[in-house]
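Below, in structure tokens: the form predicted alone, a single chain.
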Amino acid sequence: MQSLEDIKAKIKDALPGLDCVIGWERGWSPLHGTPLFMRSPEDVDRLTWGPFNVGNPATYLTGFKGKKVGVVVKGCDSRSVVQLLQEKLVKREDVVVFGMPCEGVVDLTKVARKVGDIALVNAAVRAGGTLSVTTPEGMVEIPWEEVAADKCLSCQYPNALVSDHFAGEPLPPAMGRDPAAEQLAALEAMAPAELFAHWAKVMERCIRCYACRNACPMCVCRDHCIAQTRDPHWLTQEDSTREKLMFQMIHALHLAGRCTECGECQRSCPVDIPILALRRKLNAVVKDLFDYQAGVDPQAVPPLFTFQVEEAKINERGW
């Protein structure tokens, strides 16, 4: 792929002035991309690009505070970079962004439903609209739309929204169905009691491992997280549905108007809890009230970072 070689050349040129460049390399199986922290030209040679670069490398940026770092991004990853810049959690002069057009990433949960144990996969290749997966039992060809991540089917930002170096021809927005919108509509159609019962049932599976928090690029409290702080001690570590649901509600509220919907929270969940729906609901509310979408406009001020005595769409005096 010429564009991959082009971006590698740009990274090698920039690397002497950077402490590190974050990207992906092949992971423990053909289906898994894993984070790559490039500090030498030899590291850059391991950089990969394609449907298995699922994780969001912007998650690591705040861990490099005070250093100059590069990051290779898909369009959705770039939204996280934009939001981090808007919230001044990273400095623009400390970050070099390398972008390429993204044709979508794979959802490994969907692949597992098609081929069984993905640990046994020997090879995986996407060619156009087909993902070919080889296991000891043979090769399975799967239509791409059946194994693509939901967010990719209707992706409006396949190209980096902010970049210092971009390689490849920009892609148009995807025009497929929007499973996320369908899921949100189904949840919104539930009566309050039914909706609460739904989430209570789902949260019974939560093991409070905090993978959803740790994978989130916008979840930056780290050691001061309300879920684990002991002074003050806001939440217990009890393994009750009530406490687990409370944590997820607080997590979602902390991300209101900030979540870039990269899906890392849901992807990292070891028990497949559809928690991204909670963030999407709050994003929809913020969009409706403030006409704001997180991580899209580098010049915009997040609505919850400003104050107006009277918001145009909030009727405070008409109760």
Partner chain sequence: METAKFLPESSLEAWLAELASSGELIVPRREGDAVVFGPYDPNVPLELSRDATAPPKSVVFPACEELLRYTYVKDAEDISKTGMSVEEVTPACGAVVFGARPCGARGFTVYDRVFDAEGMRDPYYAARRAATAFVTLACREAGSACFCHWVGSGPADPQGSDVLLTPVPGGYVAEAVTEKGAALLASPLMAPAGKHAGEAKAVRAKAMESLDTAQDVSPAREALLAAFDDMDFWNRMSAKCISCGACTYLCPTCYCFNITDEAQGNGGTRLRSWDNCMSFQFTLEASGHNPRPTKAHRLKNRVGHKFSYYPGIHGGVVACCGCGRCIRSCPAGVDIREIVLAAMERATAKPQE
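Numbering follows the first chain given and starts at 1. In this text the structure is predicted, and so the values were computed from the model without any measurement.
Missing here is the form predicted together with the partner chain; even so, the following discussion is about that form.
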Of Pro192, Pro172, Pro136, Gly129, which one comes within 4.5 Å of the partner chain in the predicted complex, counting heavy atoms only?
Pro136
Using heavy atoms only and a 4.5 Å cut-off, determine which of Ser154, Thr241, Thr236, Gln183 is in contact with the partner chain in the predicted complex.
Thr236
Only one of these stretches, 219 to 227, 90 to 98, 141 to 149, 158 to 166, has heavy atoms within 4.5 Å of the partner chain in the predicted complex; which one is it?
219 to 227
Every residue in Arg39, Thr109 and Asp117 with a non-hydrogen atom within 4.5 Å of the partner chain in the predicted complex?
yes
Can Arg177 be called a contact residue for the partner chain in the predicted complex at 4.5 Å between heavy atoms?
no
Is Arg267 close enough to touch the partner chain in the predicted complex, meaning at least one heavy atom pair within 4.5 Å?
yes
May I ask you to state whether Asp291 is within 4.5 Å of the partner chain in the predicted complex, using heavy atom distances?
no
Does any heavy atom of Arg205 come within 4.5 Å of a heavy atom of the partner chain in the predicted complex?
yes
Using a 4.5 Å cut-off on heavy atoms, which residues of 189 to 217 contact the partner chain in the predicted complex?
Arg205, Ile207, Arg208, Cys209, Tyr210, Ala211, Asn214, Ala215
